[in-house]
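A lone chain, given as structure tokens: the form predicted on its own.
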Amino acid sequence: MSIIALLIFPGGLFVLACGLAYEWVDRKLIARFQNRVGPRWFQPAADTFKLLAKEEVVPAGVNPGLFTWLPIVALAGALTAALYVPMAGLAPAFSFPGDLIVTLYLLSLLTLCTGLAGANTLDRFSIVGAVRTLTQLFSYEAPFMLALLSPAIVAGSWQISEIIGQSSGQWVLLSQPISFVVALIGLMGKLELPPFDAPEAETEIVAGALTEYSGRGYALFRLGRDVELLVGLTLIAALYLGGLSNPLDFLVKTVGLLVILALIQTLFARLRIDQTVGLWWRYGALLVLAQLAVIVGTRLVV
């Protein structure tokens, strides 16, 4: 059963398929909001299979081991994180005290590997993209982690299943709205979604840190991003929207969050790297800490 959970459901193939489906929903929603038709339902899968079938060109001047293994590590980290969250509204495949901390660190692997992939090449566009990626990581990682740790601190546990159980179906969003907003924006920043896509701005630096990647490596990075989007939405819905009790509950809440992300991507133009870094680092973490201090202080008084 452990092998099945790891390779097929709720991990492995199921998570990959859901990640591709959520990518399509995101692209379709943005297209509709912009009065476009958008891709057909199988387009993300077709793009992935096409990339996997293409030849992977290793550019001169790179470390071939890093060039090959970084996409694999990025995808493996996102897939492993999926084992500790209530995927499809079911109990996590694996659960242990402190699994929330492990999940947050695993979700950081994709950004770290992307930055290292760009720094590993001699291409100027890749290097600029790598610098922007790692700079944005330091700016968004702390607020994102604080936002997801806030329900854990209030619940007094670092285990995802216990945090959800102690909420008793109540929406933590109502008591911690600032942390919820910071978590959503932090997820967009981690995934480099518009308007926080300065690290891969195609009109400025081609594809950013992944400019030199093609074929299998680029496909694995794309899959890693799709899986991390799914895991991030699941984690936010589980911690802030009263948990995920069944597959229908999972679908409604995660797709609802995806609609909000699509609206933000549609409404706002791309921010400069200094805009995405400066304001968010200064105010995002401070707002979460202030809200947490108020909640803890209120509990102590009561």
Partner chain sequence: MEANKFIVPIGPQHPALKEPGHFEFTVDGEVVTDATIRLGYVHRGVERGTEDRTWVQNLYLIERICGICSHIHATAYALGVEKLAGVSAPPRAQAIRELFCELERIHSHLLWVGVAAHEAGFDALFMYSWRDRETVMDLLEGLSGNRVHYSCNVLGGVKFDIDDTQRDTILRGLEFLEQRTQHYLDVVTNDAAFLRRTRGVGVMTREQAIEYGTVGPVARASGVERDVRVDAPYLAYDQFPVKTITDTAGDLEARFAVRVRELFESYRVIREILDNLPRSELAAKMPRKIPPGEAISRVEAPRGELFYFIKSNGGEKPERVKVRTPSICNFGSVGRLTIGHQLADAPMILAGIDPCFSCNDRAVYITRNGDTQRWSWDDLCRYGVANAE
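Owing to the predicted nature of the structure, the values given are computational and were not obtained by experimental measurement. Positions refer to the first chain, counted from 1.
What follows is about the form predicted together with its partner chain, which we do not show.
A.B. asks: Out of the stretches listed (243-251, 55-63, 28-36, 230-238), which one is close to its partner chain in the predicted complex, meaning heavy atoms within 4.5 Å?
C.D. replies: The contacting stretch is 28-36.
A.B. asks: Identify which of 205, 172, 83, 219 has a heavy atom within 4.5 Å of its partner chain in the predicted complex; exactly one of them does.
C.D. replies: Comparing distances to its partner chain in the predicted complex, the residue within 4.5 Å is 205.
A.B. asks: Only one of 184, 101, 193, 127 gets a heavy atom within 4.5 Å of its partner chain in the predicted complex. Which one?
C.D. replies: Only one option qualifies, and that one is 127.
A.B. asks: Check residue 48 for me: does it contact its partner chain in the predicted complex (non-hydrogen atoms, 4.5 angstroms)?
C.D. replies: Looking in the predicted complex, residue contacts with its partner chain do not include residue 48, since no heavy atom lies within 4.5 Å.
A.B. asks: Is residue 268 one of the residues lying within 4.5 Å of its partner chain in the predicted complex, judged by heavy atom distances?
C.D. replies: Contact check for residue 268: yes, within 4.5 Å of its partner chain in the predicted complex.
A.B. asks: Is residue 273 part of the interface with its partner chain in the predicted complex - any heavy atom within 4.5 Å?
C.D. replies: Residue 273: yes, in contact with its partner chain in the predicted complex.
A.B. asks: Is there a heavy atom of residue 132 no more than 4.5 Å from a heavy atom of its partner chain in the predicted complex?
C.D. replies: Yes, contact at 4.5 Å.
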